[in-house]
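A single chain, nothing else alongside it, follows as structure tokens in the form predicted alone.
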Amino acid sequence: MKEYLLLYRMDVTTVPNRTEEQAAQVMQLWMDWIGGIAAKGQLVSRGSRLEATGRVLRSGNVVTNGPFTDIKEVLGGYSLVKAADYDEALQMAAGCPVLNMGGSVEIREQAGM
């Protein structure tokens, strides 16, 4: 099996304000989805949520706020999974809750060393 990085992206301007109960329901969707992958033995790392803000270091030691200044889509988190090929990784990603919220999942195979 190969390892694939799932990157979760979403337009932060479309995220609705949620009550505590609604936020808990969304979190449960995520836990159920990632738990299903783990139950099949295909979860390498559940990864983590990421803050929308950050810093970018460029050559010449130039630091800017970021990572994006002119677009609203942010990288919200990531997970690492095992799959036979891209098709299987895509099938796993198809159940990701971010897709129901207008977001996307980028799937990247880890390069062999």
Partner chain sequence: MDQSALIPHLFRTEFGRITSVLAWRFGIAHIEVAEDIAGETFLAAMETWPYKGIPDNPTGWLYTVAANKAKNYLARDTNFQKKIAPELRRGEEAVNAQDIDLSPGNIKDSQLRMLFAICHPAIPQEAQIGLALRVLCGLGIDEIAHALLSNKETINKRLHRAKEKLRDEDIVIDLPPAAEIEQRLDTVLTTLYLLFNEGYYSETHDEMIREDLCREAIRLASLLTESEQTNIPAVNALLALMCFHASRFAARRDSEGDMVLYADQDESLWDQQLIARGVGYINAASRGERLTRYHVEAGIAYWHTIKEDTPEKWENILQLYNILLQIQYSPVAALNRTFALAKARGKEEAITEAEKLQLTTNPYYYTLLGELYADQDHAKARSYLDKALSLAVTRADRRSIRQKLDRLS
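Numbering follows the first chain given and starts at 1. Being a predicted model, the structure only gives us computed values, none of them experimental.
From this point on, the text means the form predicted together with the partner chain, which you will not see here.
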| property | result |
| --- | --- |
| The partner chain contact at residue 54 in the model of the complex, heavy atom, 4.5 Å | no |
| Contact label in the model of the complex: residue 72 to the partner chain, heavy atom within 4.5 Å | no |
| Distance check, residue 64 to the partner chain in the model of the complex, heavy atom within 4.5 Å | no |
| The partner chain contact at residue 43 in the model of the complex, heavy atom, 4.5 Å | yes |
| Within 4.5 Å of the partner chain in the model of the complex, all of 31, 35 and 38 (non-hydrogen atom) | yes |
| Partner contacts for 79 to 101, taking the partner chain in the model of the complex and a 4.5 Å heavy atom cut-off | none |
